[in-house]
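One chain is shown next in structure tokens, namely the form predicted alone.
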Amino acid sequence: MRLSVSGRSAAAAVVAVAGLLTTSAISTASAGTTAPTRAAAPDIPVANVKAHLSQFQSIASANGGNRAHGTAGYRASLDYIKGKLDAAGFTTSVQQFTSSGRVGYNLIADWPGGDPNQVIMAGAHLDSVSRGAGINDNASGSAAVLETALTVSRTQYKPTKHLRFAWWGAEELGLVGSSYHVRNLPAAERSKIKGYLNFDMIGSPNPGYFVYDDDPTIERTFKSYYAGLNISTEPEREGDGRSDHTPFKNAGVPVGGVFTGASSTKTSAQAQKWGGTAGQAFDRCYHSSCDTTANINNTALDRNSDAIAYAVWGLSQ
């Protein structure tokens, strides 16, 4: 997640797009009819997600300690993901841009099939800051989105809508990669995206459970998932305007996501509700060299990886 910009207010929530159905809603049909059978979201193995985190840590360690924009560590991170997706049957493309005098890259992966005029998209920023490996921020979101995509392939999932996954470059420099992507999408292509789901910092070591409240339908989907775990959530505020959902939201695309907190302090009420330590940041290693594989709460990472699958499956049918 990029650093905050003072004075920036959150944009108004976009109107829910007709046709996005939450998993909790799909069992309801009009009187006298039966809803079509819908595939249940699979469990995302947290061990697989953590294996990706270990790879990102190794990449950073071999490349000056980070995976920042314009570095060999970033490109190696992108190549790692691309190799996995190519082998799994995705159609991948690398989008190149320039920022701060360095070349950056976005990676886009499309799963064949589904209605091309109705796209559900999930994404995460792949770059770290220059001070560390960026394992919670944001290898956590990148790894969980990757493993969700690989699970789509393993299960040979056939959604009604078209699925697209993305990994953004130069988020830490001001949402550069995602802004470049949205800006260069023709209006007709933007209008096909019926939901963009963003995952930035989903394994904070002193976690909270925050849900983006930008789009009502997507928000209900994530809240339904957490309700099934008997976890109460709070609206996500710390990251408003600070992550890669923002360019999509500003372009009129419905957005949503989950978040476990960054440098803000966990309150006593939040610690009572979620556990952890009151009076301490959700992530004390935010944008620091200690954001390594030791800086991950496995329970939060597991829950939020499953939340991604729950939303992807629920919104794409």
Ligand code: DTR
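Everything numeric here is computed off the predicted structure, so don't read it as measured data. Throughout, we count residues from 1 along the sequence that is shown.
Keep in mind that the form predicted in complex with this ligand is not shown, yet the notes after this line are about it.
Among residues of the shown chain, R242 is one whose heavy atoms approach this ligand to within 4.5 Å in the predicted complex. Not displayed here, this ligand is kept clear of D215 by more than 4.5 Å at the level of heavy atoms in the predicted complex. Residue contact check for M201: one or more of its heavy atoms lie within 4.5 Å of this ligand in the predicted complex. Using a 4.5 angstroms threshold between heavy atoms, E172 counts as touching this ligand in the predicted complex. Residue in contact with this ligand in the predicted complex (any heavy atom within 4.5 Å), chosen from K50, K273, R38, H287: H287. Of the residues I44, A262, I59, V253, just one reaches this ligand in the predicted complex with a heavy atom at 4.5 Å or closer; this is A262. Partner contact region in the predicted complex: 279-287, out of 50-58, 279-287, 265-273, 64-72, criterion any non-hydrogen atom within 4.5 Å of this ligand. Contact annotation for 206-241: residues with any non-hydrogen atom within 4.5 angstroms of this ligand in the predicted complex are E236, E238, G239, listed in sequence order.
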